[in-house]
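In the form predicted on its own, a lone chain appears below as structure tokens.
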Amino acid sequence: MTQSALAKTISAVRSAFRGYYFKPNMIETPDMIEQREFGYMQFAQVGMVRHLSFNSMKELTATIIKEAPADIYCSNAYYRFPTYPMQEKQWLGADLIFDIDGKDLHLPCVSSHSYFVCANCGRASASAPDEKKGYPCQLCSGKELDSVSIPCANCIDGSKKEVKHLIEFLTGDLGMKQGAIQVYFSGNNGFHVHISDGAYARLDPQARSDLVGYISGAGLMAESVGVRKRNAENLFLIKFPKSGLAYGWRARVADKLKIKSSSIIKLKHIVEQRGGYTPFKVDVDRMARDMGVRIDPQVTTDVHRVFRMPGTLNSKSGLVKMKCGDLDSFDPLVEACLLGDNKVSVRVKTSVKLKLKNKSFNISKESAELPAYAAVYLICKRLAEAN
């Protein structure tokens, strides 16, 4: 992309973003705003402007309208001195947040709506790169190609299913109240689950890591379901826990193995069929991971992380990070698509199909005039540039 085209493209997107932020009450006010750290990313600039503090939404909104940034973030943590360097902020606690990203689900449909963009020259193609040739770009021979996906209904449903799975763990296993769990569309291809329960705010990184491990099914021991190792290689004995197999991971694994607390002989045969203690332990670990929730562990364990603010735009899509009232009926490609309908002329880099605001677009020609919300979406996906 030439410098002229880049400047025109940034101007078009920034103008659309600023227009959105001029609308009143679009951004959700965070609790304890004066104790949060804020930051934002500028278009076409590396690095984040951060360690900012605001005493009110009025102050924050004024800065957002003035800067019209690409992305706006707020810390999950509360600090005594949010503008100080990290080691001097005096951490007071942090919200517990989980991130479910559609790309981590590895759904089979993704390849059918993925595009490949050269990191060097920006050329885009719907054709999968040639692995044997080292993924060279056909235009500049660059070998770093980024995969860009336009989520389909199946992708969104897959992410929703994972969110529901997480909520089952939080309410069923951990006893969280449903009212303390808020689900947000991330603004691109996933969901953030925020826990508004002060009992979890003081958890340190290790405690949060243990929580992630439990929810994701990592490190489950064979002993949990009654298979105990003897001194000799692969020898074992069956001794069920006194509390039984009716709750949590024990219940899940027992149900998968079709056993109960009286199934000593059946479980013994199952372990023998696997080859003994060690192979059974490996099998239980795999089983638990398959039944666990696929969440990003770094997001939950980082007590100093800055998160995209609810109500703000995502520069990877032009869609809004938005609270989901009813998860089942929520359609992010309609409800979170809030930019205007004014026409924007773009040069589309490759033939592309998408559906936004219940309107389908099948673009095969290079130049097109699109509603701003569709034009910005394609630009943010690096599949188009302003004409």
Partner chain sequence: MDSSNLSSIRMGTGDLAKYPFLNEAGEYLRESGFGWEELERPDMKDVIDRAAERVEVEVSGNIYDKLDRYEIEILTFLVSLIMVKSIGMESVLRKFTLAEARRAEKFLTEDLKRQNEMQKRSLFAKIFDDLFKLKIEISEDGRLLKVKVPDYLARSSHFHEQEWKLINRLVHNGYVYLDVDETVRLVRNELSVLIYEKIRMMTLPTLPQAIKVKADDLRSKLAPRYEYRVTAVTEYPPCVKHALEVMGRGENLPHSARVMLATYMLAIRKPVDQIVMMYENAPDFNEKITRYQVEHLAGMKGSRTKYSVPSCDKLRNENLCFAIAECNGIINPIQFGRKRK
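What you see is a predicted model, and the numbers here were worked out from it, not measured in a lab. Positions refer to the first chain, counted from 1.
A second form of this protein, the form predicted in complex with its partner chain, is not displayed here; the remarks below concern that form.
Chemist: Pick the stretch from 217-225, 305-313, 152-160, 111-119 whose residues have a heavy atom within 4.5 Å of its partner chain in the predicted complex.
Modeler: Of the options given, it is 217-225.
Chemist: Look up in the predicted complex whether A199 has a non-hydrogen atom within 4.5 angstroms of its partner chain, and give yes or no.
Modeler: It does: once its partner chain is placed as it appears in the predicted complex, A199 has a heavy atom within 4.5 Å of it.
Chemist: When the contact criterion is heavy atoms within 4.5 Å, does R274 count as touching its partner chain in the predicted complex?
Modeler: It does not: once its partner chain is placed as it appears in the predicted complex, R274 has no heavy atom within 4.5 Å of it.
Chemist: Just checking whether Q206 would be counted as a contact of its partner chain in the predicted complex - the rule being heavy atoms within 4.5 angstroms.
Modeler: Contact check for Q206: yes, within 4.5 Å of its partner chain in the predicted complex.
Chemist: Taking any heavy atom pair closer than or equal to 4.5 Å as contact, tell me whether G179 reaches its partner chain in the predicted complex.
Modeler: Residue-level check for G179: no, no contact with its partner chain.
Chemist: Consider the chain as shown here, without its partner, and state which of D255, D104, D210, D146 has a heavy atom within 4.5 Å of its partner chain in the predicted complex.
Modeler: The residue in contact is D210.
Chemist: Counting any non-hydrogen atom inside 4.5 Å, which residue from T171, Q90, Q298, T278 sits next to its partner chain in the predicted complex?
Modeler: Looking at the other structure, the residue within range turns out to be T171.
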